[in-house]
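Just one chain follows, in the form predicted on its own, and it is written as structure tokens.
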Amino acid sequence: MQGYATVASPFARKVRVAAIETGQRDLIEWRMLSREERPEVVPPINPLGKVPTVLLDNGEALYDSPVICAYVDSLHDGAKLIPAEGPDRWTVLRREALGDGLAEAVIAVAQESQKSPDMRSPRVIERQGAKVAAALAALDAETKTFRDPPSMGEIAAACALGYMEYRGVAADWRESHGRLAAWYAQILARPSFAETMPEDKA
């Protein structure tokens, strides 16, 4: 199975972490794309042009990250990252959506902030920054119910936090969200997170 991603994508990192956490480290052969390669390589496989995209051995493409993670989780017989049924399933999926939403808001803030001052929209930064703040507050309040080992919800949240720090958005979040910061420091010690830490700006 071939995967396409960029080094920094928090959504691709989610999939990579999920594969490691489920004992399927080598399930997907990843091709890390540059910014220049992505618009050439991905759209013929995924009409949305987004990463991660995974091409199955039968030629079918899977996207985006929640679908790929659910597929990865379906291929092993161990404890599932996404419960099959009951209230826990919906808690995990909702928390995954919260983590993904945080990542999307961080991306929007980072992209807007990188524009020249005359092209930058303070309203966009303010609106998306408010989403970042609200998501952080919600995750901080939920920390006491986080799972160990992590479910797909915690994985999504941690990948979003990693990307947020990588891009320098909400730089002081650890001081104002102590419970979440303590949990994040612990999860970073897991091999799945240590091995997938982005190293280069991309």
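Each residue number is its position in the shown sequence, starting from 1. Remember, predicted model here, so these are calculated numbers, not experimental data.
Below, we turn to the form predicted together with a small molecule, even though it does not appear here.
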Worksheet item: Looking at 21 to 29, 189 to 197, 8 to 16, 174 to 182, which lies within 4.5 angstroms of the small molecule in the model of the complex, counting heavy atoms?
Response: 8 to 16
Discussion item. Taking the small molecule as it sits in the model of the complex, is residue 50 near enough to touch it, meaning that at least one heavy atom pair lies within 4.5 angstroms?
Written reply: yes
Discussion item. Would you classify residue 150 as touching the small molecule in the model of the complex, given a 4.5 Å non-hydrogen atom cut-off?
Written reply: no
Discussion item. I'd like to know whether residue 104 contacts the small molecule in the model of the complex, with contact meaning heavy atoms within 4.5 angstroms.
Written reply: yes
Worksheet item: Any chance residue 162 has a heavy atom within 4.5 Å of the small molecule in the model of the complex?
Response: no
